[in-house]
Each structure stands twice: as C-alpha cells, then as structure tokens.
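First structure 1, then structure 2: two forms of the same chain, each alone, as structure tokens.
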Structure 1
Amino acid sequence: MAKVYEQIADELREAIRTGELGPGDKLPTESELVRKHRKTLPTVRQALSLLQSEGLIEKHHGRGSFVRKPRKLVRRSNDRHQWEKNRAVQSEAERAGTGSTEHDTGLEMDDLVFRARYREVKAPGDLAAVFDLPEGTDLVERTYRTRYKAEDAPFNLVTSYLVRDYVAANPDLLDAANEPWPGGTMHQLRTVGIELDRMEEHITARPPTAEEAEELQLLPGTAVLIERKVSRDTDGRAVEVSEIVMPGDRTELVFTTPLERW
C-alpha cells in the first residue's frame, strides 16, 4: 500500500501527466496541500521532494513549486566529427552559418548565447602525458559555455587545451575575441596546417561537484557524464584535448559503429 506522501505525489503527478498542470505552472502551496489532504507539513514536503527528485517539479525559494519545463535535449553522435571536418574546408560564409551546438540541438544560431575565455597555462602531468610532451609545456586553455536563450543554464561545460607552440603561427588562435570561430577547432587547426585524423573519446559518469551542479542547474541526484576527447592529427600527435561535463538529464550519446561484412 502506498504511503501517504506517495499518494499526494501520485495525485500531483497525474495532474502533470494529463496536462492539468503544464510546464511552468505553479503547484498549490504547501499550506493549501496540507489543508486539502489533511496531512502534516512534513508529509506534504516529502511528496514534493519526491516529485522534485523525479525531475517533474522545481522549487524556487520564496516563490513555491512549479512544474519543470523540459530542457532542450542535446544529442551527440559520433558522426558529428566527420561533419565538423567537412565543414572546416567550406567557405567562411558556409562555416559561419551554423555550428556544432546547432548540429547537436537542432537550434539556430540566433537561439543561442555563447561565451569563451582563453588563458595560457602550464601542462599538468596528466595532460602532458596525453600530449606526450614535458610537464609544464605551454598550453592555451579555452573554456566555452553555450546556452539556449530560453534557458539559464549552459548545455555543458567545455574546457579545451591546445599546445601553444602548435598554434602560435596564427596569433588569432590565441585570442578569445575571435570566438565564436566559424568552423570551430578543426578549421582553427587547419589555418596552421594541422589536419585531424581521428578522435578518441573516453566517457565516464559521476556525481557533479557543487560548482557543476549550480552552473548546470541540476536537480538533486542527477549525474554528469564526463568526456575526455583527444584529437589526433595525421601523424598521430595529440593536438587538442577537450574535457566536457554533460548533464545526465539532458544529454543523449549516440554511437553508430559500421561493421565489415564477412
């Protein structure tokens, strides 16, 4: 038999499922629910906490509980890398027309808010090992945040590293003011004669840090997916490493693997 708080949650869940309560609608106040169900405040709060943990509602301090609006899905497939490589050799006008986020979300450029920050750092041991370079090698660290205009949280948290000596021949690649760069990293590398041959993607999952949960606006209990992407050139060198933190409640990873015929 369902517990009392589960019964209250069931009633609210059904109202959301049928559309009686739509995305963005405010739920009855805790006091109203106490009076309606003739139960204690802790019981009502348990019911609301259950719905929040399911991602159905969100609580705003001082304002109440609201039906959660579905967040725009990000679908990342491994065919995006060839799409990006093909795009890197297009004209500037063609490259400027769309980007990887638009590819993954189906949104238009005017739907997005983008920001980038660059700084020069020394390679710590783990990154130096990936690049097969001495610890302390000069890197360009680039952080990217892109969000849907209709939402407050970015789609993911991206940190990208380039070896400074590999890209210094084009000073434009050292300045965040040139972002967003039409054609992205593949075209940036092309300007200094680097062609990518393959991408290595390592994906794990873990609970978010407090900072990640706050920036990505994650509900309690939501995990994050962590991708370390290593881009290698035609000589096998690692020329770019990206670390991407993706919210588990709005990210779908799609992998299609062609198989050779017998």
Structure 2
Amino acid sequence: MAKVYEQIADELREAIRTGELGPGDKLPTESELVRKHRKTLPTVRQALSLLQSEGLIEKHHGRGSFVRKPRKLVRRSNDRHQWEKNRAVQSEAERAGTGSTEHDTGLEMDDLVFRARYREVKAPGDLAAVFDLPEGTDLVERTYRTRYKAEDAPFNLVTSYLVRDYVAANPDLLDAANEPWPGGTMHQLRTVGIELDRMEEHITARPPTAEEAEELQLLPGTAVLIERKVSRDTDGRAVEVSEIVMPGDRTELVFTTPLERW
C-alpha cells in the first residue's frame, strides 16, 4: 500500500465502519488531516473525493465534511399495478380522491406538486422495436415531474410514450391540460377500449447524468435506478412504454412473485 490518499481514505472508512464516526458526524477538516498525515492539501482532498464518490460522506462548502446518513426510502411495490387497474373501473368521484403516486408513497395529494407536459414525436428505432411498429410512427410523449410541496426537487423523472393512433379516439388524451387525470393511465386507456393484461418492468442502475443530478438534486456519490416499463394489453400488444429515473438512495422497488403450488 503505497498510495497515500488510499491510506487516508482507509483510515476514515475504518472509523466510519467501527462507528467511531457515526452518521451525521463531522470529519476532521482538510487542514487537520494535512497536519495529521504530514501530506499536502490536494492529497487529502483526493482521499475525501474518493469517500464522496463511494457515497460515504458529504462535503459542504464552508461547513465541513460529514458522514452520510442513510436516506428514508420511498417504496414502490408492483402490487400498485393491480390497485391502479381496480381503480380505473371506479366512479369518477372515487377515482378523484387519490393517484398512484400517493398509493406508492403513502402521502396525501395535497403534499404533492405535479407537472405534466405532452408532446408529439416520431418513434425512434428503439421505441419502435418495443411497440413492434415502424420507425417514425406517431407517438404521444408525456413527461411528468412530481415533488413534495416542501422540497424543490422532484423525486423521480418520468417519460411515457403512447401510440397516437391507439388513443386518438379520445382527444382529451392528447391534452396535458387534463392532467392529473383521475384514475391514471389505466383509466385513460379504458376510455379508448384498451384493457391491460400485464406490466413488464426492466430495471438497471448507473450514475446519474449531469442533468439528472441537477434536476433530482443528487449529491455526488449517488446512483440512479432506471425503470423501463412496458404495458401490454390483452392481445399482448405494447400500448405504453415509460422510462422512470429514480434516486437509488431514496427508492426501494418491491416485486412480489407468487408461485404455483406443487
């Protein structure tokens, strides 16, 4: 072990692991570490950057560096799909009460701020393949941002695509002014005679892009979960494709798979 910055990082990692430095505790300042290890400032900063990229610490300009606290998780369970489907056949009064975001998070609608934007686009190759339609087919692109009223960053970024021809029979579905739609996408599809049979969710993870980090206000050393969801109707046809970007440290996806009995 020759690398000085690794040694400094190791020592701090060990202090965090043993609990000598607990969540929220302040680390020694950079100049203290310089004195202690008799190295220079850039070397010490390299060590701290490493810990930051591992998600172990947060640096705060003018205040110091701190051991990161575990985040409170927002849970999204796949049982919400059946819940949403059941809700789509309720009366308007019943549907108006809640949305699936509230079902996911347990929050009241009043705590949330919601923004939707619609746009018409031509299907690029990858989306066309999922829909099993020709490239360039007309799609409705819908982007959603939902955030807590008390915070100014949304807690996820959603982009959803519908095939224009499948939904154009109801012009209301082409206008973002009707959002938030009581009863959600399942009810929207029901107004044009589409019933969903299953949801396929594809999950990967990666570091956030610069834009995502800014929009979700992610600290360095955070990963994002990417969910690509394909909704299929009773003919097995893909009718909605959506991509959801979620902060990996604040989100827990829960999937329950039932098994047949022996």
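Residue positions are counted from 1 along structure 1's sequence. Please read these numbers as outputs of a predicted model, since none were measured by experiment. Rigid core (definition): largest C-alpha set, two forms, superposition within 1.5 Å.
Annotation: structure 1 represents the form predicted on its own, while structure 2 represents the other form. A rotation of 34 degrees carries the smaller rigid part relative to the larger between structure 1 and structure 2, according to C-alpha superpositions.
Lined up on the core, residue 68 has its CA atom moved by 8.7 Å between structure 1 and structure 2.
Superposing the rigid core and comparing between structure 1 and structure 2 gives a CA shift of 7.0 Å at residue 55.
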